[in-house]
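Starting off, we have a lone chain in the form predicted on its own, written out as structure tokens.
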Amino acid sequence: MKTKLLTVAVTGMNALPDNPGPGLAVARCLREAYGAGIRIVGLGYDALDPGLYLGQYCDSVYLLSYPLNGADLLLERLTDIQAVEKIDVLIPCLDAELPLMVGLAEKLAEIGLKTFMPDAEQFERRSKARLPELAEAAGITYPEVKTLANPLFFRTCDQVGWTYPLVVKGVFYDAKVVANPEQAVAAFHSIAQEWGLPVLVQRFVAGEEYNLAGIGDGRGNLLGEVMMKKRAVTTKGKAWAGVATADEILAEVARKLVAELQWKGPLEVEVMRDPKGVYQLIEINPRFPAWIYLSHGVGRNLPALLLELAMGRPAPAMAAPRPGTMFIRHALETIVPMSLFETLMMQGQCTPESQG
């Protein structure tokens, strides 16, 4: 009797050069760990998402309903895909979809989709708007943040002690460093148009940026932490090159946050090390970062660990990461038959069966 392969669905197959999604890197990690021992279903939101055409990583691919269309349509689409693919584990990788996925967790379980995600309260507590409150509870230094519904604040902020430069941020994505009121107002409108209100303003912290990726086990423990310092960034500040580090102070910051939240699932902690050597908490992202393939490179394949936890298996022992290991991104062209693109556009899916 033929044994059914473990089937894993991964979202976030977009790969914009200045702001790539994590999904392709997660799929690469899983393929490195399990080879042909699993099936990977790639899920995207646009027929031009490059990861959907890389057959070495995705065995089948599907388009989803955009998060702005709501939870009901997303659940309906996932239910249809599940009827065909019999997915064991779903790994969401995008900030914009995660509020819906978290809210749908019980219904996803009912249709057989296992996940390893935070609950709604945990997810909300680490939001950018509530980050100061969380940092204070965990005893971590952070730059002050304000929530804005309009840009009038930027005209008079210096009168109340908010001096430029400042950082203007979206609730889900995007952050722009601004040097004067004109730049700040333009950034506010740009971010609001793309991501909606409110818009956040954060005090600027000079220094060096460090990131940590890991997994919370849901009981207050941080597993498999991998740390990285950016060496080159895109126009949006995303890592284009980075080097693995070993920093016990940063690790302890992340442990305090995970313990305070009782976090369950993947996360990325972003900090700035200011000129005094103090680590200032900038963001907590509730998913794997786009640079997560580095975790495989340093010997701690975090997507593979997440899959084991989602399946209810004991966390395997992990070797110490290898600091000094670098990653450098590059862009390359994927040759795609027009018929494949048309199939994905018209049918919203491309499986071995649909390709004949």
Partner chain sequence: MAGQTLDFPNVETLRRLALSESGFIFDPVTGNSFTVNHTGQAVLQLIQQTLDVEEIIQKLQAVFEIDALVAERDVIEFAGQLRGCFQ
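Residue numbers count along the first chain shown, from 1. Just so you know, these numbers come straight off a predicted model, no measurement behind them.
A second form of this protein, the form predicted in complex with the partner chain, is not displayed here; the remarks below concern that form.
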item	value
Contact flag, Glu283 vs the partner chain in the model of the complex, heavy atom cut 4.5 Å	no
The partner chain contact at Glu208 in the model of the complex, heavy atom, 4.5 Å	yes
Gly324: touches the partner chain in the model of the complex, heavy atom cutoff 4.5 angstroms	yes
Contact label in the model of the complex: Thr245 to the partner chain, heavy atom within 4.5 Å	yes
Contact segment among 146 to 154, 236 to 244, 100 to 108, 211 to 219, judged by heavy atoms lying within 4.5 Å of the partner chain in the model of the complex	236 to 244
Candidate from Lys114, Arg126, Lys256, Arg273 lying within 4.5 Å of the partner chain in the model of the complex - any heavy atom	Arg273
Heavy atom within 4.5 Å of the partner chain in the model of the complex - the one residue of Arg203, Arg231, His189, Arg130 that qualifies	Arg231
